[in-house]
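Next up is one chain by itself, shown in structure tokens, the form predicted on its own.
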């Protein structure tokens, strides 16, 4: 990283963050590959490696010695092979991802989702996400991490979370069958539930929603002669593949009626999934053309933008590559997973003194075959 591109203050923060990441990566590898603490999957997998993780992984860069993580390993059981020995007696959650066709991918969790969202809570401005306010979860229900995570976020901020019933697998089936009238009816069913909550006097001020559902909610409220602001919403945390600068501009200027100072509604985009948790965004502004840059929650997770040809080679800043994820928690270890997304590599800055990714969109190698549904 060329020194002339960053201020001395940011450079110092970058070095401190890198040292912390190296120490954390070493600790996590020791945990997952030691007989007394590790999980059966990695202890068994270790026999296939031509190196010893316990003696040859000294820092983050040494994780390149591992083969790329294959998400197919997460399909099917027994699911307990992913539970670290040190956690065998803890209450275990299982969260699923995908599953429209075939066996869904599943990961175990104990407290990771609580830790991730407690940390995320620290980034939210209290002015728009007031402590004690109630929340609406306008997103998927069922065996998903996100619902419990948003509930925890509401609780850690002193509020109560209201949820709707929404099955994204059914949405994708309707799309694949081309049953657009049924899809529209199901979307309306979900929005009706949300409007019922918002108009029932529950003092809901904050919400999670995917871009498509936020848009539908705003239009649904408009049909009833009201708006999101009049319904009491001041803070929105959102995530999904449809988050583009164009949609963000449309949402803020047209649906909300202006930026936070004007409309009273503050929206923060996030990038996340069941494997990683969630990455926060640099504040999105009209001055920067509504550009959205995400920064992973290091050292618990790392995102890198790598060459389409070599997953161990970073692209230059501002250049396009595929998103590579590494997850480093005591509950779950993912040493390098190629996401279904691509984007541009972003420079560190003081709040997040490590690299980020902007312009996230489906990876062009299979973008046309990806059905994103409600996301």
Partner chain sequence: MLNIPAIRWGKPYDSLEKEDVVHFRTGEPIAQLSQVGGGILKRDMKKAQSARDALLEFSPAEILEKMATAGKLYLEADLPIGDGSQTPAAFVHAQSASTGLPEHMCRANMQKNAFVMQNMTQILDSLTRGLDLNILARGYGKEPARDVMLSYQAQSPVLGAVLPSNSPGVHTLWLPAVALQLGLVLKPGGKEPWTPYRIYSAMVEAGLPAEAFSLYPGAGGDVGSALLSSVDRAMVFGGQQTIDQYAGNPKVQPHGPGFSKILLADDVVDDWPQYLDLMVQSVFANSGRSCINASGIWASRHTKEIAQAIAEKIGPTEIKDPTDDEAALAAFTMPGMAPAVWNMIESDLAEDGVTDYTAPYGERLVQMERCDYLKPMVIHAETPEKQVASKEYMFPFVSVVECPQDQMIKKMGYSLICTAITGDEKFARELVNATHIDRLNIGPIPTHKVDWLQPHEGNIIEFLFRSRAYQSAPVQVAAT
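Positions refer to the first chain, counted from 1. Given the structure is predicted, the values throughout are model-derived calculations rather than measurements.
Another form, the form predicted together with the partner chain, is not on view; read the next lines as being about it.
Flag residue 200 as yes or no: does it have a non-hydrogen atom within 4.5 angstroms of any non-hydrogen atom of the partner chain in the predicted complex? No - in the predicted complex, heavy atoms of residue 200 and the partner chain never come within 4.5 Å of each other.
The partner chain contact at residue 246 in the predicted complex, heavy atom, 4.5 Å: Yes, contact at 4.5 Å.
With the cut-off set at 4.5 Å between non-hydrogen atoms, does residue 301 touch the partner chain in the predicted complex? No, residue 301 stays farther than 4.5 Å from the partner chain in the predicted complex.
Please check if residue 185 has a heavy atom lying within 4.5 Å of any heavy atom of the partner chain in the predicted complex. Close contact is absent here: in the predicted complex, residue 185 is far from the partner chain, nothing within 4.5 Å, heavy atoms only.
Interface stretch in the predicted complex with the partner chain - options 287-295, 76-84, 118-126, 201-209, non-hydrogen atom within 4.5 Å: Contact criterion met by 287-295 only.
Tell me, out of 72, 230, 192, 254, which residue has a non-hydrogen atom within 4.5 angstroms of the partner chain in the predicted complex. Contact with the partner chain in the predicted complex is made by 254 alone.
Could you tell me which one of 223, 165, 89, 261 places a heavy atom within 4.5 Å of the partner chain in the predicted complex? Selected residue: 223.
Residues of stretch 160-186 in contact with the partner chain in the predicted complex (4.5 Å, non-hydrogen atom): Contacting residues: 178, 180, 184.
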